[in-house]
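Presented as structure tokens, the chain that follows is alone, the form predicted alone.
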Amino acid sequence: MKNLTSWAIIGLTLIFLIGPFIIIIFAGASAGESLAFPPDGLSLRWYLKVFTIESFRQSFVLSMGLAIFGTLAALLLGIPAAYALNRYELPGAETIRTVVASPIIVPGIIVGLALLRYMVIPLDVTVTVALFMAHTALVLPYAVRVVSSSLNNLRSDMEEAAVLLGCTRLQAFTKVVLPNIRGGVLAAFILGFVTSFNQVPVSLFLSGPGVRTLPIDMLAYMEITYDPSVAALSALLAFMSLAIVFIAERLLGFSRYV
């Protein structure tokens, strides 16, 4: 009886997690003219139509650029910050950690409004630059937290041994520390990439004419058209996320380092 209950709980959990994914796959494969589930027959035409919509292509390129370069910028800032907070007794370290984590604590809609009011408008910053800065700031806490966890699991005496054997601090970091935390760096990149790519509240305030991220463009598309192409695009994006994790695991051995 206890085993049966456990399997029932596991089954309900899987349905809760996978159910929405299955729904959007079949909703996007509908043969009908409007978004509905169960679908009115099955067809791949909406999946094919996604690639013909110019606004989707442009916003996809922008979202990919923001996600990749914003995450890389966050890692360039976050790895040294995590190292300093982990290895040195800095005055006000807890305050620094709180400030770094603030983009997670503060609602995204407030961050977007603040950037629009106090940076984009008075400083005449372009929308693309503002989006890049916002996405970098939003991803930075994940980079610091994940890399810090990897550094906590790395013995500091390994680095000290490298210094005693003749390495400089920079050489010890690049040759000893960085290779041993690459799993954490990869995890931070994947988490930051997905967070940035799917960001809505901040991007909603900072999008402008001709400059919209893919999630915002999908929202705008649904305001005027209610066909299954948005469901098809959502399914494709979900498959893309799964493919990124799978490739990272196969090529980089992700599970061996985290």
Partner chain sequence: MFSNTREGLALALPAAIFALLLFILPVGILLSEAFQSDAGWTLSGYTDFFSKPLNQTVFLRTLKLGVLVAGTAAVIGYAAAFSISNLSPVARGRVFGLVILPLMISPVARTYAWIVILGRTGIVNDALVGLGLADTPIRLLFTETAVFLGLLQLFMPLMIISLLSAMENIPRDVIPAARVLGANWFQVFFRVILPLTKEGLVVGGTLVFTGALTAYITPAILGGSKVLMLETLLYQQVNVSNDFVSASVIAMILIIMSFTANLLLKRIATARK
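These numbers were taken from a predicted model, which means no experiment stands behind them. Only the largest set of C-alpha atoms that superpose within 1.5 Å between the two forms is called the rigid core. Numbering follows the first chain given and starts at 1.
In what follows, reference is made to the form predicted together with its partner chain, a form of this protein that is not presented.
Interface membership of V147, defined by any non-hydrogen atom within 4.5 Å of its partner chain in the predicted bound form, is ruled out. Within 4.5 Å of any heavy atom of its partner chain in the predicted bound form lies no heavy atom of G65. In the predicted bound form, its partner chain sits within 4.5 Å of a heavy atom belonging to L219. At the 4.5 Å threshold, heavy atoms of S102 reach its partner chain in the predicted bound form.
With contact defined as any non-hydrogen atom lying within 4.5 angstroms of its partner chain in the predicted bound form, the contacting residues in 12-29 are T13, L14, F16, L17, I18, P20, F21, I23, I24, A27, given in sequence order.
The Cα position of I22 differs by less than 2 Å between the shown form and the other one after fitting on the rigid core.
In a rigid-core overlay of the protein, L12 has its C-alpha displaced by at least 2 Å between the shown form and the other one.
With the core held fixed, L236 shows a CA shift below 2 Å between the shown form and the other one.
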